[in-house]
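What follows is one chain in structure tokens, specifically the form predicted alone.
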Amino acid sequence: MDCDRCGGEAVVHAAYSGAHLCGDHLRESVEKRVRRRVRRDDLVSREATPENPQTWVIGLSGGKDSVVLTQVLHETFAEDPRIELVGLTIHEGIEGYRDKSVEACVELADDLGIRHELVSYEEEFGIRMDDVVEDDPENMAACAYCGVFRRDLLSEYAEKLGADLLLTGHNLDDEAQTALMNILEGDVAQIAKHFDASLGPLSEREESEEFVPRAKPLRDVPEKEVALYAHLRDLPAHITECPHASEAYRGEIQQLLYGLEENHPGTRHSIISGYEELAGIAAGEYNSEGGADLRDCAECGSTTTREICRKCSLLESIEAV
């Protein structure tokens, strides 16, 4: 199998486009898509200057996605004084698993010469996910607890670090799964929120003074190609699944999409394309009605739609065990 662009040995066949690519041209393709997404989502503010640079905080977990995103963005903006990258790593307290990925984060940050910050559930909340999973006071999947705590810390520390933008390494598969889950659950409000939270171009989103804007520049790249990119570049990525991963519904959606993509290449791209348009329409409708009723959490003061935010509610349940 030869590369369509140079005739060299191909390392991947992208069935959705029909392309056969060698290692060099796969790398080029991944980088091009990330940079195109940066442009399309208006991520570089026109107000950014060498004298007044933007701070982009990357949720750096040490997994393949965040490592690849950090590498590509560093190479894109290394010589651009308008952008400063900061890696933010969250240690959940999962013995063995997260320790190794933190090592990958530290190695990458050192290699690239970027600032790196590490925070933990134990220091911030007095908990470790290993213990939370064992006690399980709410009788729910580990990912449900962890997702709430992780999002809270990413948002809190992005603000503390003076971030203009918070970036995460969600790939095409991740976003297609989330889109399909929201549609199958009929959650139109969540679809609208998704657009303003991270999908829409910054110029089209409802502005919020309460939250640092988020973006997902890797979301046009399939998971397989992200993993292959990390391998080809020998990046220090910790590629293994969390021992507590148990999102049964997402797993079902993942398997469904695998089958659809195999039989109908391009399904993931079609889902995301239509979903983004639908999300934009939904966001416009909800925003015209005044949007969500936000308030300060009575416990921690963070912005929420509840009297007590979900994080504080979960922490109370955990402490009561």
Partner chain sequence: MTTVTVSVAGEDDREVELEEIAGGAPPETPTYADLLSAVELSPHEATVLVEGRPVPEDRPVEAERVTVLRLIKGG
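Numbering follows the first chain given and starts at 1. This one's a predicted model, so the numbers in the text were calculated from it and none came from an experiment.
Here the subject shifts to the form predicted in complex with the partner chain, a form of this protein not shown in this document.
Participant: Quick one: does residue 148 come within 4.5 Å of the partner chain in the predicted complex, counting heavy atoms only?
Facilitator: Judged by the heavy-atom cut-off of 4.5 Å, residue 148 is well away from the partner chain in the predicted complex.
Participant: Decide whether residue 27 counts as a contact residue for the partner chain in the predicted complex under a heavy atom distance cut-off of 4.5 Å.
Facilitator: So residue 27 does not count as contacting the partner chain.
Participant: Can you tell me if residue 125 lies within 4.5 angstroms of the partner chain in the predicted complex, counting non-hydrogen atoms only?
Facilitator: Contact with the partner chain, no.
Participant: Heavy atom to heavy atom, is residue 261 within 4.5 Å of the partner chain in the predicted complex?
Facilitator: Yes, contact at 4.5 Å.
Participant: Determine which one of 280-288, 262-270, 30-38, 45-53 lies within 4.5 Å of the partner chain in the predicted complex, judging by heavy atom distances; exactly one does.
Facilitator: Only one stretch passes the 4.5 Å heavy-atom test: 262-270.
Participant: If the criterion is a non-hydrogen atom within 4.5 angstroms, does every one of 116, 153 and 304 touch the partner chain in the predicted complex?
Facilitator: Negative, none of the three is within 4.5 Å.
Participant: Which pick from 160, 224, 82, 233 sits with a heavy atom within 4.5 Å of the partner chain in the predicted complex?
Facilitator: That would be 224.
Participant: Which residues, if any, of 1-38 lie within 4.5 Å of the partner chain in the predicted complex when only heavy atoms count?
Facilitator: The stretch touches the partner through 1, 9, 10, 11, 12, 13, 20.
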